[in-house]
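Only one chain is included here, represented as structure tokens and corresponding to the form predicted alone.
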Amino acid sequence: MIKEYKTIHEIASPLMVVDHVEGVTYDELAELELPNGEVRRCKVLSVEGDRAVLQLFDSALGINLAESKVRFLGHPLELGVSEDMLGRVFNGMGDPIDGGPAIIAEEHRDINGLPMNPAARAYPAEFIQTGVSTIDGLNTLVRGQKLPIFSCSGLPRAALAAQIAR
């Protein structure tokens, strides 16, 4: 059952705090309805007791804390998919922006992927010699791995990166 709450405590764009919520879960999709009927989407970032912190996907301008309503939808952000999507252009929420008709979804898929299993990764085995003794000895570089280069202002980090690339 979808519940509506008029207990918005605070907004600090793009975050919004809603008090006295029940049954709300992390990553749940919500809709913020303004007094003029405009609906904006958001998602739950954190729940502590009966207080939820939400991230607004739209601007926080024009939101009246006392008269706006928050509706938790009970599911994460999903994308309606269909073969009709092929060759089309969409915005970040999955709405068509190419002037074509709306997509009739054959199924809805959760956009949040499963976490990667670190034990399933291939073990790094191909050492790359950079010629920089501190990197080769203390922070060895392996093919497919990212190498962070930390530096202070004025030090030759670009020259070091170019040397490693060569």
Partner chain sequence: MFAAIGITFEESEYFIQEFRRTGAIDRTVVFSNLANDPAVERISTPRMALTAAEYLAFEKDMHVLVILTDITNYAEALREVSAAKKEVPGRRGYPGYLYTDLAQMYERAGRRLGKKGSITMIPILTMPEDDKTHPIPDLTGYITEGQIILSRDLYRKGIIPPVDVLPSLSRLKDKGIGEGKTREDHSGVLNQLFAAYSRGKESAELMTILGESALSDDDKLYAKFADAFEKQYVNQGNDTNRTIEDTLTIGWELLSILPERELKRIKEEYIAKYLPKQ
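Numbering follows the first chain given and starts at 1. A quick note: this is a predicted structure, and the numbers were derived from the prediction, not measured. C-alpha atoms forming the largest set that superposes within 1.5 Å between two forms make up the rigid core.
Just so it is clear, the following notes concern the form predicted together with its partner chain, a form of the same protein that is not shown.
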| property | result |
| --- | --- |
| Residue (of Val47, Ala60, Ile111, Leu34) lying close to its partner chain in the model of the complex, criterion heavy atoms within 4.5 Å | Ile111 |
| In the model of the complex, the one of Ala102, Leu138, Leu65, Val39 near its partner chain [non-hydrogen atom within 4.5 angstroms] | Leu138 |
| Its partner chain contact in the model of the complex: Lys3, any heavy atom under 4.5 Å | no |
| Contact flag, Leu79 vs its partner chain in the model of the complex, heavy atom cut 4.5 Å | yes |
| Its partner chain contact in the model of the complex: Gly74, any heavy atom under 4.5 Å | no |
| In the model of the complex, Leu15 touching its partner chain (heavy atom, 4.5 Å) | yes |
| Residues within 4.5 Å of its partner chain in the model of the complex, restricted to 83-100 and counted by heavy atom | Glu83, Met85, Leu86, Gly87, Arg88, Val89, Phe90, Asn91, Gly92, Met93, Gly94, Ile97 |
| Core-aligned CA displacement of Leu138 at least 2 Å between this form and the one not shown | yes |
| CA of Pro156, rigid core aligned, shift of 2 Å or more between this form and the one not shown | yes |
